[in-house]
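Given next, in structure tokens, is a single chain: the form predicted on its own.
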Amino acid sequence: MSVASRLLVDVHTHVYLPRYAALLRARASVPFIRTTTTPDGLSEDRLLILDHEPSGGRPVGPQYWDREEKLKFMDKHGIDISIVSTANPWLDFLPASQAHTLASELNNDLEQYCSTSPPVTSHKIKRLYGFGLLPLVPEITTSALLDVVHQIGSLPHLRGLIMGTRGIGKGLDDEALDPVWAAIEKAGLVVFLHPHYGVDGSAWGDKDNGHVLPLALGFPFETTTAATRMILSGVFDKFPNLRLLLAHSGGVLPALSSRLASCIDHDPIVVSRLKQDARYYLGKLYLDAVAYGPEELGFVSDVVSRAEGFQSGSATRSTLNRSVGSRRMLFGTDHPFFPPLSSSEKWKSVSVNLEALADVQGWSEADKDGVRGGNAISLFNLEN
């Protein structure tokens, strides 16, 4: 194993680039950044990305857009490399022409943000790489989307792209996206699928539970639904080399995958559409390790490890091998969200996830090194 493969790599870490933050400051409706005055008479910026945000939005500061703050966070927690992505809601709220222009500008900004970052000590590898943005909004043209895929593929420090679940308005199972998937696959880019809208808010009832239900349940269910729709539409049959990374360890898709397969087997509309058992496709996915518990990480790696046994024509089911499943999992922190209450504390999104990773039974030290960073080094081809 190379020295680089033992680096700690954060694949789930966000930034609101200054150009993007300026746009949010200029807006008067969600999403926007507004300046308020605290009871102590201090000025405070608050970010609102959805209607009816608890606590009037979240306080934001330099850690959301200042690269030096990102690097300080990495240094404090021993993170060698971050694959940075613009945080939600991306460009969803913009008209097509503005979204196209801004996507190109922000991709160039992110390339500059990453390319001028320092190298990892004793390595040629930079400390920062990025996921670019596509202008995935209604009425955007296919040619505009393909132009931006080409742009991202040509920027050396952008190794993938982040997207939400709505596509160009009809979701990610929309056949209109087939040329885009084909171009992404050809360019060898990694797609980071990240939630934003959650599920119908009426599901949470009238009791004030803050942000707990929308974030702990709504976000993972959104990811689960989007990825399942992609499976059902045959995206992974049409584009077998498409590399999709799911946020939050794939939501509840691993836990429900056998139920999904059973429902497909009993549905004449869908059963003849797919080339493989639904469980096979989970082995085509990559999953971040933002799960906060060793049992959850172990379970997800079990489910991923059995995928090959569900390939059409396979005579036997695969024996569960957590080591195999671990190769599809990658460390993440979700920085700069969920900060500690004290500036002297370390972030639980780092410490708890690293502790969980270290405590997974059935993962060798090499497997754990892979999840910490080696898998990301390989997936994003960071040594080249």
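Don't overthink the numbering: it's just position in the shown sequence, from 1. Just so you know, these numbers come straight off a predicted model, no measurement behind them.
Below, we refer to the form predicted together with another copy of the chain, which is not included among the displayed structures.
*Taking 4.5 Å between heavy atoms as the contact cutoff, choose which of Ala183, Leu189, Leu232, Leu177 touches another copy of the chain in the predicted bound form.*
If I apply the 4.5 Å criterion carefully, the residue I get is Leu232.
*Heavy atom within 4.5 Å of another copy of the chain in the predicted bound form - residue from Glu105, Glu295, Asp147, Asp237*: Only one listed residue qualifies here, and that residue is Glu295.
*another copy of the chain in the predicted bound form: contacted by all of Thr224, Pro268 and Pro339, heavy atom 4.5 Å*: Verified in the predicted bound form; spot residues all in contact, yes.
*Go through 105-113, 151-159, 73-81, 196-204 and give me the stretch that gets within 4.5 Å of another copy of the chain in the predicted bound form, heavy atoms only.*
The contacting stretch here is 196-204.
*Would you check, heavy atoms only and a 4.5 Å threshold, whether Pro118 touches another copy of the chain in the predicted bound form?*
Because no heavy atom of Pro118 falls inside 4.5 Å of another copy of the chain in the predicted bound form, the answer is no.
*Would Arg259 count as touching another copy of the chain in the predicted bound form under a 4.5 Å heavy atom rule?*
Judged by the heavy-atom cut-off of 4.5 Å, Arg259 is in contact with another copy of the chain in the predicted bound form.
*Taking heavy atoms only, is Leu242 within 4.5 angstroms of another copy of the chain in the predicted bound form?*
Taking the distances in the predicted bound form, the answer for Leu242 is no, it never comes within 4.5 Å of another copy of the chain.
*Are any of the heavy atoms in Phe219 no more than 4.5 Å from a heavy atom of another copy of the chain in the predicted bound form?*
Although another copy of the chain is absent here, Phe219 would touch it in the predicted bound form, with heavy atoms inside 4.5 Å.
*Taking only heavy atoms into account, state which residues of 64-88 are within 4.5 Å of another copy of the chain in the predicted bound form, ordered by sequence.*
Residues within 4.5 Å: none.
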